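A single chain, nothing else alongside it, follows as structure tokens in the form predicted alone.
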């Protein structure tokens, strides 16, 4: 049986080079980077070289990079610290955000620390920037928190417009860029952003490690206390091996970004055309144009497919996909993103997310199996 992995928005297979570099660190660089002896200094050197390289890739100062356990911690840190340390009283966000943002913003409101304002979206998940501007201009002490690309439907938000609104309204701006770091160019010198979040396992690095970009003008104390690591923004001994693996993966992703994007866009276009020709009444959720997250295609299948068991049926045939965010699996409430679109009530979502490790043959096999499960 052929095995086809099409759940790269949940996590990606690691680059072999990242695995090798992590193994070298695990074997030979076991010192605590906070220790002052030679073993500690050796680990600290790898840590700071990684921080410097990320800064060069994103065009920011290395001191603005704070290592975390992943995107969820980075999002939490940005929002909670903006409220607790930067005087934010109003959070402007959308109902399409990752749960790391949605639940954290709601918690700030439940605790009476900030009020949350929701931006409207259209049926493709595109946001109302005029409303965003109005809310930011008419409220003081705001944090705008908008993801760069939606992890379920692939709709891209315009960080240039969002950052300009933030700058003109004197609002802080945070963006969950977990799906786009390593896949799209991000220049933090030209974008007026205060925080971005990234996770290594979304660009072929290890799980359990990521980073927060925190603009040097923002003085935060962090969520985790008990040590002076990460310039007192995140206490705890750093995961040096994971950080080194992350930087190797990011370096490879950026080096091959143009070629990978071209290959994956070709596969996404191929999949759309094939599905439309071979699966009657298939549609799509979100923006599927060339100006979207090229790694993700959310397929809206008609009700004759048994959506409740379809992922398991595909899995039995060696195909790994999801019906939405992996963070929501087991919740049994349906996708909050799809629900917020208010479209296609008779269609159910499955998300196909691709990487450069996939091929057109993978997609042909997926379509063949999907057709075999069509009850029409």
Partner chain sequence: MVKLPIYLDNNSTTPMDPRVLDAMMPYFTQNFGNAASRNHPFGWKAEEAVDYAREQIAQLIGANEKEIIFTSGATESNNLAIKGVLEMYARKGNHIITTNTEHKAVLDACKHAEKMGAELTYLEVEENGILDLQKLQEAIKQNTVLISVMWANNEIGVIQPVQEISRMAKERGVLFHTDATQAVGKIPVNVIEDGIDLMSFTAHKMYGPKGIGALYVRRKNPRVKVSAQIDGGGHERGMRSGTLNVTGIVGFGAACKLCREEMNEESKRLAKLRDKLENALLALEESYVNGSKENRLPHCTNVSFKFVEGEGLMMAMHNLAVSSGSACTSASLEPSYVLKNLGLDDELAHSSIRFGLGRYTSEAEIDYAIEHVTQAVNKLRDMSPLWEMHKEGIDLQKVDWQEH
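Numbering follows the first chain given and starts at 1. Nothing here was measured: the structure is a model prediction, and the numbers come from that model.
The protein also exists as the form predicted together with the partner chain; that form is not presented, and the subsequent description refers to it.
- A heavy atom within 4.5 Å of the partner chain in the model of the complex is found for one listed residue only; from 161, 235, 282, 257, this is 235.
- Only one of the listed residues (341, 47, 321, 65) places a non-hydrogen atom within 4.5 angstroms of the partner chain in the model of the complex, and that residue is 321.
- Of the candidate stretches 218 to 226, 134 to 142, 271 to 279, 149 to 157, only 218 to 226 contains residues with a heavy atom within 4.5 Å of the partner chain in the model of the complex.
- With a 4.5 Å cutoff on heavy atoms, residue 334 does not count as touching the partner chain in the model of the complex; it lies far away.
- Taking the partner from the other structure, the partner chain in the model of the complex has a heavy atom within 4.5 Å of a heavy atom of residue 7.
- In the model of the complex, none of the heavy atoms of residue 288 sits within 4.5 Å of a heavy atom of the partner chain.
- The partner chain in the model of the complex comes within 4.5 Å of no heavy atom belonging to residue 55.
- The candidate spot formed by 30, 37 and 315 is fully in contact with the partner chain in the model of the complex: every one of the three has a heavy atom within 4.5 Å.
- Residues of 72 to 87 lying near the partner chain in the model of the complex, listed in sequence order, are 72, 73, 76, 80, the criterion being any heavy atom within 4.5 Å.
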